[in-house]
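The structure tokens that follow cover one protein chain in two forms, given apart as structure 1 and structure 2.
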Structure 1
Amino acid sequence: MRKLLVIALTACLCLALAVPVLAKYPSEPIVYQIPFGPGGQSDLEARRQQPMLENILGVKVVVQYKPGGGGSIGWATLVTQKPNGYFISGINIPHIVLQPLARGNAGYKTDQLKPIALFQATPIGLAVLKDSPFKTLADLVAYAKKNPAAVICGGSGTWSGHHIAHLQLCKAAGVKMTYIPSKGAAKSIAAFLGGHVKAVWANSNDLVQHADKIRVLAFGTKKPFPNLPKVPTFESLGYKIYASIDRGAAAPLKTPDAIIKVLQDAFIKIASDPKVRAQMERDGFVPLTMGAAETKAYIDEKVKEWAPVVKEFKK
């Protein structure tokens, strides 16, 4: 009987301690860090979410930029913040997996980021300008074989989804092409449209947005991308390259689960909104609604998947 009483009192105490956390959070502005420059996919989605997050959470949400290192500077900043739910950050997969694996010291470790949710994806494609002599991927590969390193490809970040897709194509096609990273997708696209690179690795919404000015040679999807259904997949052209950027949010590692739950529910509610989903799909995004636990399991699987790939390309 005494043992039952102790258990009951302990449960009541835990409940009493948990309730104030939920009752008080959030009670002040939340900083929502974007580890890239303005104008890219992470920024566009954060700006879409910002007023909706403020309405759901009842506090001001401040979007703050921390570009550099393909996102690594921002994620290195995130892991130093207090785990109280008032500083969160956008995350990109596979960036948060590839960078610690490839660099050793990326300023953060993948397991130091506590996932909140994944809410969006953009398949990656390789594109050239409409007036490019490369009409097909075969044309580009043939030129690259005859002119090693002459094909300059732009992309966002080093050891990012763009970078690894570039390395995979070079290996699979037996060619050498030059990869030039930019600090974010917006700058990468600007350099490409300005004619500073011959091709660009880009996210699906950028490719959809500029479809009238460019020619997409291939997409890293299993099936044709709905917004540009005539573009072949790499797989259909003989290259087993599957490339996409998954976006979400994370908090410092020791952030309490009760706070993560509040944030997770807010992000999932927004990502589940029919109007938001329709906007995403129209603009070339793929909506996701993965909660904290599912996102954590997904990241763990990606670590296992990408570890041997990074080891191969670091040789």
Structure 2
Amino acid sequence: MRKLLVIALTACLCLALAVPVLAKYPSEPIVYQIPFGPGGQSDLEARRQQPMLENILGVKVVVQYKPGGGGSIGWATLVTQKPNGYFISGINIPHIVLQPLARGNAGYKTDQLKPIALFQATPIGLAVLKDSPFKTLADLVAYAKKNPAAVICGGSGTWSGHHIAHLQLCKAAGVKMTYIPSKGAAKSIAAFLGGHVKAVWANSNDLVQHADKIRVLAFGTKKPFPNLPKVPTFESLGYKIYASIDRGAAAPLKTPDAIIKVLQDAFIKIASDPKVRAQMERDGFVPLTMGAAETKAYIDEKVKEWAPVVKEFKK
């Protein structure tokens, strides 16, 4: 009898402790993992959001770095965390799609990540220096046709957005060009401005930053890129290449939808803030306000688009 009483009391106590946790989310600090090192674009975005998130959610938000493997170490960590909404991570598309496709074992699978929102995009463009003989993409392609492998394009990373765009262009134009990956965009831009490569695949913010010294030949957008409206899109030149790095956040797979909603609303509220939008647009970023469901659909679409590309080039 006494035993039963103890059990009942303990159960009550547990419930009493558990109910407020269930009732109110969030009630303790949230870890916001960045799967890259400090100073990268993902970190900067998180640092911009950090005080605003704390304001909206009413709890401390701790930014925690987990760099390595082009982000894969961080995402492999995310999928092992408790799905209680207190551990979330920045995600980058195409990274989270391409890594599991290109590497046998990336430590995680794309569908193990539960998207919260996408809040920023940086369309990818192909650029040459101002004094380059290539005035248009057609010039470059014509030269590459005559001189296989002689056009050296820089870019950031292997099996990255830049790399895939490069492969797609080579295939669509029927040319052979050399791709030299750097570790990080800063290094590939420096190599490009120094004339060590002939062209560079770069994110829109870097292209805007160096706009006075370079000529962007084409952007991987559907519509002209607002900061550089005269630059044609690949589509308008006859190549079906849509390339962009999209940043967002995700949680472990089993995180309850109610929690995802709280986080999604917070991220979207920040991305809709006029001041944030103005800053992003001026620096060459495209603010996004894609919610959880929309992001999931977008990721699924990308998996379908890239799976054959990776398969083809990964012999």
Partner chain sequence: MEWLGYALTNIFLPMNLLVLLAGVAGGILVGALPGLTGTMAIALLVPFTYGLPPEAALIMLGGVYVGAMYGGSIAAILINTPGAPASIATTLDGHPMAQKGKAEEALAISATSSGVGGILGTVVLLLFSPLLATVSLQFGPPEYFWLGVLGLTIIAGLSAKSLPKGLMGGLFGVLISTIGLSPSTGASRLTFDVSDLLGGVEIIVALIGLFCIPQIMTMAETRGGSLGMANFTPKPGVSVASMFLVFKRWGNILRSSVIGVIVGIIPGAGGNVAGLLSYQEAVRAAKDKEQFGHGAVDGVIASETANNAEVEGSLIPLLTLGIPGAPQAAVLFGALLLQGLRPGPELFRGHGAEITYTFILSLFLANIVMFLMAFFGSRIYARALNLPQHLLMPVVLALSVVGSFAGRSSSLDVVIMLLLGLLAYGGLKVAMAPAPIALGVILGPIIERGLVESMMLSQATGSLLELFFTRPISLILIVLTVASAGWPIYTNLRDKRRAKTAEAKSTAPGARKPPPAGARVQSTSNLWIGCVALVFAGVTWWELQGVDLQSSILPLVCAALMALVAVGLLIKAWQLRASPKVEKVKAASLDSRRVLLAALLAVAYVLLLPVIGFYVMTFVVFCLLALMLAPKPAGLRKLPVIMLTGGLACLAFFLVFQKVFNVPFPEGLMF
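In this text, the rigid core denotes the largest set of C-alpha atoms whose superposition between the two forms falls within 1.5 Å. Only a predicted model underlies this, so the values are computations on that prediction, with no experimental measurement involved. For residue numbers, the reference is structure 1: its sequence is counted from 1.
Chemist: Please identify the form predicted alone: structure 1 or structure 2?
Modeler: It is the first structure (the form predicted alone) rather than the second.
Chemist: With a threshold of 2 Å on the C-alpha, tell me if Thr233 counts as moved between structure 1 and structure 2 once the core is superposed.
Modeler: It does, since the Thr233 C-alpha is displaced 2 Å or more between structure 1 and structure 2 after the core fit.
Chemist: Is Val141 one of the residues whose C-alpha moves 2 Å or more between structure 1 and structure 2 after the core fit?
Modeler: Yes; that C-alpha moves by at least 2 Å between structure 1 and structure 2.
Chemist: Tell me, please, whether between structure 1 and structure 2 the C-alpha of Gly220 is shifted by 2 Å or more, with the rigid core used for superposition.
Modeler: Moves: yes, 2 Å or greater.
Chemist: Aligning on the rigid core, what is the distance the CA of Gly154 moves between structure 1 and structure 2, in angstrom?
Modeler: Here Gly154 registers a C-alpha shift of 5.3 Å.
Chemist: Looking at Val208, what is the CA displacement between structure 1 and structure 2 after core superposition, in angstrom?
Modeler: That residue's C-alpha is offset by 2.9 Å.
Chemist: By how many angstrom is the CA atom of Asp131 displaced between structure 1 and structure 2 after fitting on the core?
Modeler: Superposing on the rigid core gives a C-alpha shift of 9.2 Å for Asp131.
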